[in-house]
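Just one chain is shown here, as structure tokens, and it is the form predicted alone.
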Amino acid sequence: MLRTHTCGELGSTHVGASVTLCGWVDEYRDHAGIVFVDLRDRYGLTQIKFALSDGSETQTLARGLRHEDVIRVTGEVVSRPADMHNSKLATGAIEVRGSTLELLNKSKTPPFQPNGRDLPNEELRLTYRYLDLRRAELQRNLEMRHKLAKLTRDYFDAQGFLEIETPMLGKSTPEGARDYLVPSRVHPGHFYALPQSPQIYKQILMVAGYDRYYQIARCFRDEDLRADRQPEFTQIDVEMAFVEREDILSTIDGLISSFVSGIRGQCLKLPLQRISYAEAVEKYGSDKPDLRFGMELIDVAEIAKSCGFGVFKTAIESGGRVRGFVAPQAAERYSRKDIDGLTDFVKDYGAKGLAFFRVKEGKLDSPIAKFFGDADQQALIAKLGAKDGDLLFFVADQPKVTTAALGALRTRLGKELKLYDPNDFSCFWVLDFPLVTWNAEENRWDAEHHPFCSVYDEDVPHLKDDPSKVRALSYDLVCNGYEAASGSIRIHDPKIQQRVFDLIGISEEEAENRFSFLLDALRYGAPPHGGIALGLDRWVMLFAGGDNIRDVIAFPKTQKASDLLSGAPGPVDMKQLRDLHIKTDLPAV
């Protein structure tokens, strides 16, 4: 090895030892011929002191060092004076008195300092990702990613699971998002698809008798991106046979407990809370609410019917709803201009407007307060449990609009009002999702999760008479307002599977064409089974306390699905296209 120690491990016990360190120059200072260098590697920083005679080769070399030069230093570990200890560094009690210095590689002037105070825009950092990855924050994130993967493998190994790899090149069976397609050279005109998930293969493994499977799987979806999504991502994929829903939930409860214990050193109370989809949407306006704070949505239909405010009354008469919530002690926090901004915000979710009241001296203060008599005002205050200094918000519209608008507003205000500690960890299950949702644009039913979800036995008759009543045996694990895992008990009866296909417009012929290998497997003794997938990238982001998934992936794509470091995707030469029997038909610019 070129080094005897890393830059993060030296301390008082090493005083007097001769050591050799390697790393990057993080900072350098020249004080009247004495050169100080902060040497960095992924383990930490160590201060190097070069106090040599003028004109020495080592001193001359030291005085020429600059940011990000790669060097090798040999010297003696010495104690720093007590008044010069750096408590912010693990190595802050010592320094290395450098005697020899070797320049391993001279760096060009970097476009930004990895550990500088002012970071450039993300585009520049992604272009020079190898510099960005030298940042301590990203190094901690990737180390945490490694720990979560190891905790996963250790936990499932102890539970008797087998880690089994499934194919990366498979058949295109769209599951809601677009597939990434790979042309076949030896089968002209045919394509593989990169997996959106190992869903079908892991179900086949259950039929094959591998009753406890897991995989840390790479998945690909050609969809529009957000801060918490990537075109290629990693999921912890799990499937179990001869189980019911509670078996899956309790198994994953244990996994999350091991995460919290291994990463934060805390004990997680089990079992995790369980709420229904209907309750989540009704109380919080979302199927993935953040429960680190309250602000539950309240229906005020009875008061709205009798008040003098036409917007409220008209909404109720047209089959809509009037719902609202209390923003605690926010009356002085939001000006009228701020509330106008919030009104524009809810309009993005379909709402026509946003009604508000400030609570002052036990009464409501608002431009529309005149339409509410004393009795109606007191009824609203009592219904919402409001207090002086609170700010009340209401949306009057069709049920889905009030849910979406108020749910989004609740999430925004919870963050703006700092109603929770960012380090808090709220994790719970949402159960009993609807099997299908109505697609009004295409006049058909769509699968809420995917078409392989099993349903409650008592709901099977509704597949024909009223599909909206059918509850899937599906479940999402929600953490701090993010969907952190999703799964279901699967359909193992091919007849029920075809009934679900029929419902969402997949004919028997089309089903055989797209899913024949799964349907055939189900006909050869498929056991009851179910599973789940957890987004590894998202879990690392949550534990890191961030809100951008790109910060926990070594080489992420941008929101336009491009890799600024390598230039992917890029053109290929005509010979490659001819070998694949492909011609491009690009739109005119």
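Keep in mind that what you see is a predicted model, and the values were worked out from it rather than measured. Residue numbers run from 1 along the displayed sequence.
Absent from the display: the form predicted in complex with the RNA. The rest refers to it.
J.: Just one of 298-306, 390-398, 113-121, 367-375 has residues with a heavy atom within 4.5 Å of the RNA in the predicted bound form, so point it out.
T.: That would be 113-121.
J.: Would you kindly say which of R80, H462, R218, R274 lies with a heavy atom within 4.5 Å of the RNA in the predicted bound form?
T.: Exactly one listed residue reaches within 4.5 Å, namely R80.
J.: Considering L542, L536, A521, L564, which brings a non-hydrogen atom within 4.5 Å of the RNA in the predicted bound form?
T.: Of L542, L536, A521, L564, the residue with a heavy atom within 4.5 Å of the RNA in the predicted bound form is L564.
J.: Kindly indicate whether D38, R66 and M84 are, all three, within 4.5 angstroms of the RNA in the predicted bound form, using heavy atoms.
T.: Answer is yes for this spot.
J.: Against the RNA in the predicted bound form, would Q47 count as a contact residue? Criterion: heavy atoms within 4.5 Å.
T.: Contact check for Q47: yes, within 4.5 Å of the RNA in the predicted bound form.
J.: Whether H529 contacts the RNA in the predicted bound form should be assessed with a 4.5 Å heavy atom distance threshold; does it?
T.: Residue-level check for H529: no, no contact with the RNA.
J.: How about T109 - does it come within 4.5 Å of the RNA in the predicted bound form, if we only consider non-hydrogen atoms?
T.: Because a heavy atom of T109 falls inside 4.5 Å of the RNA in the predicted bound form, the answer is yes.
J.: With the partner left out here, check for me: in the predicted bound form, does some heavy atom of T403 sit within 4.5 Å of the RNA?
T.: Flag for T403 set to no.
J.: For the stretch 14-36, which residues lie within 4.5 Å of the RNA in the predicted bound form by non-hydrogen atom distance?
T.: Those in contact are E27, Y28, R29, D30, H31, A32, G33, I34, F36.
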